[in-house]
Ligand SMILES: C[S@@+](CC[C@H](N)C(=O)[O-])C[C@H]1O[C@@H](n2cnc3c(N)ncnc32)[C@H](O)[C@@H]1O
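Only one chain is included here, represented as structure tokens and corresponding to the form predicted on its own.
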């Protein structure tokens, strides 16, 4: 493992930022006093240039954060995000003329946040990225050369489809899954026969022994439209002496265990040989950029395509397409797409330049003076003075849903950094952390947020989980820290993670909890809120269907938020909410209706 060297002065550090205390102390404060919380639902969009510049496991679009910052702060005041992820809070703050302190446990997350918020000259950035593209083109172009099946002329590979190769447990015969299980409708059979012994089989990870290309999607240089063709021989790709990580993938982890079960033992195994060599050439060229800010942005451009360049991209033969990465999870699909790295990097230049141009008119070059980024646990922000921050907006870890330190291994192995998972706020079997441990870490983080927040100021917490025990850990942490929950709303991020659409009991809306710093720290009186009455009120105030306000996912988010606001334990998981809706209300398709005449079950 080799560490990337980037020196960006007081703006960012892959560890604790020694300039953090001075930055926080230098903030100016207005006399603005907000007595009423922000009081409307917000819908985000993933079309923002900053949002689209680089993927991350969870993100709140900056356009969805901006209304909260504008409501709770004045220009020149300081916003803190103790779980900043890819830095969208910083983007929103800088756009509005606020200062931002961004913190995360993951050095890769703060690396992203730095590249999203640090100003860079647009002409210099475009020139640098195009120069990198020019350097690697002679190396990469031959890797993706092919032959058009129509005119026999030269063609360029857009992407190749790779299929699992498995071993029959009955006769030891190796077979290509595509060859024996692909149906005419483009779907794989659940059950099929071994081509050698005719035993009836089902695909199992333990039988996987490798993969091989089966199909190519091409672009003919002569103007034909070959669409797709059977895969040719795998080219003999040389690594050209460029470095790439070979870090071992730890065993027994929560998310990465399925990668191990697929037979992948090291990080380089997450890429085909061709795409690994292409990324290594790009990484070498980006790392040689002389100016530190442009070197950081160049490496950022390469990490932005790494997941799509990996074997984690599923190919959907029914649609003849390879959609984006599956957010929040890591596994090798049976049919994967090996996408042309040169094409992806060329397109990424435009995306990064749009993001840089989007931030520039709002702050200009002085934006570097308005952001400080540090890499450390949110449970100890002791470098920040008491009562020095004007507002906290954060989207903290979602309990057991996403294992950030494991998912970041793919990127961090290239950068040479590692997340210290000892203070990672997750529910994790491999880390030995249950809901109580998670709740304790979150309570400590909220306690630090309250300490640095000015009296009477606000914290906005965006959270998403289906489990009542996780929500109760968050509720207890907020209250024990000395925050008073004043209002709740929902946030529709306008996109869903893989786990939101596939996991049992998944929900689709985040709950937004608006809290005010109260004094002294102490408990609050719990007011009883009847879940059925809350649902009745929500449905009475909802528009006629079709509307999101009558879906179970929306109702779950609002009910959970109202229980938290009342200081009452959250007693319903998502599945239990569905049972409650079935018992007391009427369903019309996916929409729920108030039905006062419906018979109640005897008590």
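Numbering follows the first chain given and starts at 1. Model, not experiment: these values are computed from the prediction.
What follows is about the form predicted together with the named molecule, which we do not show.
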**Q.** Heavy atom within 4.5 Å of the named molecule in the model of the complex - the one residue of 104, 406, 390, 164 that qualifies
**A.** 104
Q. Quick one: of 514, 86, 275, 117, which gets a non-hydrogen atom within 4.5 angstroms of the named molecule in the model of the complex?
A. 86
(Q) Just checking whether residue 286 would be counted as a contact of the named molecule in the model of the complex - the rule being heavy atoms within 4.5 angstroms. (A) no
Q. If you check in the model of the complex, is residue 395 within 4.5 Å of the named molecule, heavy atoms only?
A. yes
(Q) Would you classify residue 211 as touching the named molecule in the model of the complex, given a 4.5 Å non-hydrogen atom cut-off? (A) no
Q. Does the named molecule get within 4.5 angstroms of any non-hydrogen atom of residue 56 in the model of the complex?
A. yes
**Q.** Listed range touching the named molecule, judged in the model of the complex by heavy atoms within 4.5 Å, from 322-330, 75-83, 305-313, 276-284
**A.** 75-83
Q: For the stretch 420-447, return the residues whose heavy atoms include at least one within 4.5 Å of the named molecule in the model of the complex, in the order they occur.
A: 423, 424, 425
